[in-house]
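Here you get one chain, nothing else, as structure tokens; it is the form predicted on its own.
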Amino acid sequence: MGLEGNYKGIMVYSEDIDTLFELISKSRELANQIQTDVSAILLGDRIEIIPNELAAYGVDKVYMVENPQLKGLIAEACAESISIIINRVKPEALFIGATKRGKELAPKIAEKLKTGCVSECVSLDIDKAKRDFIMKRIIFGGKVVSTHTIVKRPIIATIPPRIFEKKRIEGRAAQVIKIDLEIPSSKFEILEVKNKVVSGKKIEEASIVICGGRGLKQKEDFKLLDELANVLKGQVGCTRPIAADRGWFTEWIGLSGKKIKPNLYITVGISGAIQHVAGVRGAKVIVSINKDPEAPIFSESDYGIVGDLYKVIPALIEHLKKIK
């Protein structure tokens, strides 16, 4: 379709640094296919990120805006800043991390630029001949994968954290461009920020995760998984039906919950719905335990054990204790 209005390049933004690294890495991969550059936006009343930290993941240019109105990164001020930068730089694509703030920010920018926005993308690709960005997202509770393209430029897409892998590229440097903007005063003011108190290690940071599904008959049976986690020095999670439907826990692993990338992921009594699999796509090794040999989870697993979890887990715990 060509470049509408001479738009060129891929731009990324996220207030979450790890998500920003992931977006840069994926954008670098796409940019190499169409011979273009990758830029990132940093916003704040005082920016502490060193731009060359971003260069190590593949960014070419970093646009920095420091302004008192950006304190707390209120969505209206951020949307105004990013929209101005896009109108000046004219990237053909803007990828935004689908964090809580990013989800609020992306549609505001799309409205300002009168362009399309595809939310919660789990896949990004590009048609090199047409230079069209191909975005996929999961809909209808995980039953359908929908594919999207946007004709107008720039295209805007939000991507959840931990969908793409961070890939360092040594020996790179980025051009830093500081921009002074007149940002209108916001109608909102942040009076206080209280960080959420988290007991123990976040499950997103765990290298080994054991996750229970509907194959577990009662909440107390998760003690089996806790025992296995203690032996492996891992953490226990659950699927959405366990948390949202049965109400046994408050958080779950999956596309609509926690996205994780552990070194080892053990599923116990999980069928393998696509929305759950999308949340663990980055796991290095997946081991699944299910009594149904036709369970879809086995097609996503590196190793599978067909059997009754109430027999398999105790036997596994006993064996691991012996070899340890």
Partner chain sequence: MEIELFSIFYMIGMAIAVVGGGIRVWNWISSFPISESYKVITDIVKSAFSTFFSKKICYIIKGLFLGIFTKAKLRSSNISNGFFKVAFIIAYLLLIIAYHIKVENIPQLKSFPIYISFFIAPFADFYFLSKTSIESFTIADAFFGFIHDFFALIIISYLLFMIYKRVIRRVHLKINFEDIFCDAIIILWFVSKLMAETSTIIAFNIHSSIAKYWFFSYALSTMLKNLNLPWLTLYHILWNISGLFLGVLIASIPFTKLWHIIVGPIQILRRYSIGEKPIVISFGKKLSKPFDLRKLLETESFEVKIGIKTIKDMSWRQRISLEPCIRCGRCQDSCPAYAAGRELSPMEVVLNLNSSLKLIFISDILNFMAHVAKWLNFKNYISSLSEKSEKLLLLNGKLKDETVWSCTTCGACVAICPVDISNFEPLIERRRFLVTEGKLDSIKMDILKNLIEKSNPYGMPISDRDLWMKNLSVKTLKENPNPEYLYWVGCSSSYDKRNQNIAKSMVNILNKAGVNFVVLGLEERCCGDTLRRMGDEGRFQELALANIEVLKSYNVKKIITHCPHCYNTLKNEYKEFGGDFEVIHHSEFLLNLLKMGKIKLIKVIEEETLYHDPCYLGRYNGIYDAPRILLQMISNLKVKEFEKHHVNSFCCGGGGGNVWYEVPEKEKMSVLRIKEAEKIGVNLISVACPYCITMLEDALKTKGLEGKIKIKDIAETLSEVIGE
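Positions refer to the first chain, counted from 1. Everything numeric here is computed off the predicted structure, so don't read it as measured data. Throughout, rigid core stands for the largest set of C-alpha atoms superposing within 1.5 Å between the two forms.
The same protein has a further form, the form predicted together with its partner chain, not shown here; the description that follows concerns it.
Contact with its partner chain in the predicted complex, judged by any heavy atom within 4.5 Å, is made by just one of D180, E251, D245, E220: D245. None of 255 to 263, 37 to 45, 23 to 31, 51 to 59 except one has non-hydrogen atoms within 4.5 angstroms of its partner chain in the predicted complex; the exception is 255 to 263.
Not displayed here, its partner chain is approached by S271 to within 4.5 Å at the level of heavy atoms in the predicted complex. By the criterion of a heavy atom within 4.5 Å, K167 is excluded from the residues contacting its partner chain in the predicted complex.
Within this chain, R131 is remote from the site of its partner chain in the predicted complex, having no heavy atom within 4.5 Å. Taking non-hydrogen atoms only, Q275 approaches its partner chain to within 4.5 angstroms in the predicted complex. Residues of 286 to 324 placing a heavy atom within 4.5 Å of its partner chain in the predicted complex, in sequence order: P296, S299, E300. Here G215 counts as shifted, since its C-alpha moves by at least 2 Å between this form and the one not shown after the core is aligned. Comparing the forms between this form and the one not shown, the C-alpha position of S39 differs by less than 2 angstroms, with the core used for superposition. Core-superposed comparison between this form and the one not shown: the Cα of R240 travels 2 Å or more.
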